[in-house]
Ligand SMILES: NC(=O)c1ccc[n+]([C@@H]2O[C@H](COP(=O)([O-])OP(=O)(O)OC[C@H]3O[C@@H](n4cnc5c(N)ncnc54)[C@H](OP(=O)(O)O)[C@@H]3O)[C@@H](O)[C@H]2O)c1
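Let's start with one chain on its own, the form predicted on its own, as structure tokens.
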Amino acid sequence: MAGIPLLKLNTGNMMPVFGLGTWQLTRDTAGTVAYALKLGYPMIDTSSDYGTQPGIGRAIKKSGVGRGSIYIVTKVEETDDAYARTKSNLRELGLEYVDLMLIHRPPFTAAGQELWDGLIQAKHEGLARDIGVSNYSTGLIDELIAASDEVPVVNQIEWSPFGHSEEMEKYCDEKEIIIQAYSPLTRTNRLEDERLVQIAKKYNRTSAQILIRWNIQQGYVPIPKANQRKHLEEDIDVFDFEISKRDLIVLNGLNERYSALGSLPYA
């Protein structure tokens, strides 16, 4: 993971500040991930329902990159036996462990304590080094913690200047939970926003690079998806400049709780 900064999780383990999302990356998954690894992407995010795990496994195997230099995040679904699904995910990936296993989304009627217990078991057995959640509200996280005394290391949620929650940010800061940002590029829907474009021009960068950098500078962990080589190259090229405090304030002011999904599930 040389060259990409790391964040310390509440367990003491380290996680890269940036990675590749693979939702809907089913066209030549192996080739895309292999190129990302060649560029130095330190983290790959997937899930049991993305259909990308076998391709990711092939890319890792052929890459020649040491396992300790690749941070793998995957997920179990709300209807799964979490412990069994963890083992299934590992088989698909061809790995002995993952760095981070998440509950993809909470069940409709509860916080998912059985799922959480399954992930705790997987962690204790070394199948996952850390565990966390995705799309969880603060109240649901509180329920998991109260029943288990196990604090998630991550809440993976939709997060961008256009859509985020100050309440969630404060909560995660207090609990030492990292916000991992999916759809940090708004699924391209807001890249042409004039206010964003003007800031991007100021730094001679693209709108996408400004959105990624906004996340990184404020302690969030973006995992943008890309399936074109030029976008993979562009997205990782964000570690040689900084957005000024004044411009960060402008970007924070763009927040309108925007969601490409229609609503932020955690807010």
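Numbers follow the displayed sequence, beginning with 1. Small disclaimer: the values here were computed from a predicted structure and weren't measured.
One more form of this protein exists, namely the form predicted in complex with the named molecule; it is left out here, but the text below deals with it.
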Next on the checklist: Suppose contact means a heavy atom within 4.5 Å; in the predicted complex, does that hold for all of 115, 121 and 152 with the named molecule?
Outcome noted: no
Item to check | Answer option from 216, 223, 210, 60, heavy atom within 4.5 Å of the named molecule in the predicted complex | outcome: 223
Next on the checklist: Can you work out which of 144, 100, 185, 172 has a heavy atom no more than 4.5 Å from the named molecule in the predicted complex?
Outcome noted: 185
Next on the checklist: Given that the named molecule is not shown alongside this chain, does residue 134 nevertheless sit within 4.5 Å of it in the predicted complex, heavy atom to heavy atom?
Outcome noted: yes
Next on the checklist: Just checking whether residue 85 would be counted as a contact of the named molecule in the predicted complex - the rule being heavy atoms within 4.5 angstroms.
Outcome noted: no
Checklist entry - With a 4.5 Å heavy atom cut-off, would you call residue 140 a contact of the named molecule in the predicted complex? => result no
Next on the checklist: Please determine whether residue 227 contacts the named molecule in the predicted complex, using a 4.5 Å cut-off between heavy atoms.
Outcome noted: yes
Checklist entry - Which of 122-130, 144-152, 86-94, 175-183 has heavy atoms within 4.5 Å of the named molecule in the predicted complex? => result 175-183
Checklist outcome for this item: Taking the named molecule in the predicted complex and a 4.5 Å non-hydrogen atom cutoff, the residues of 87-121 making contact are 104
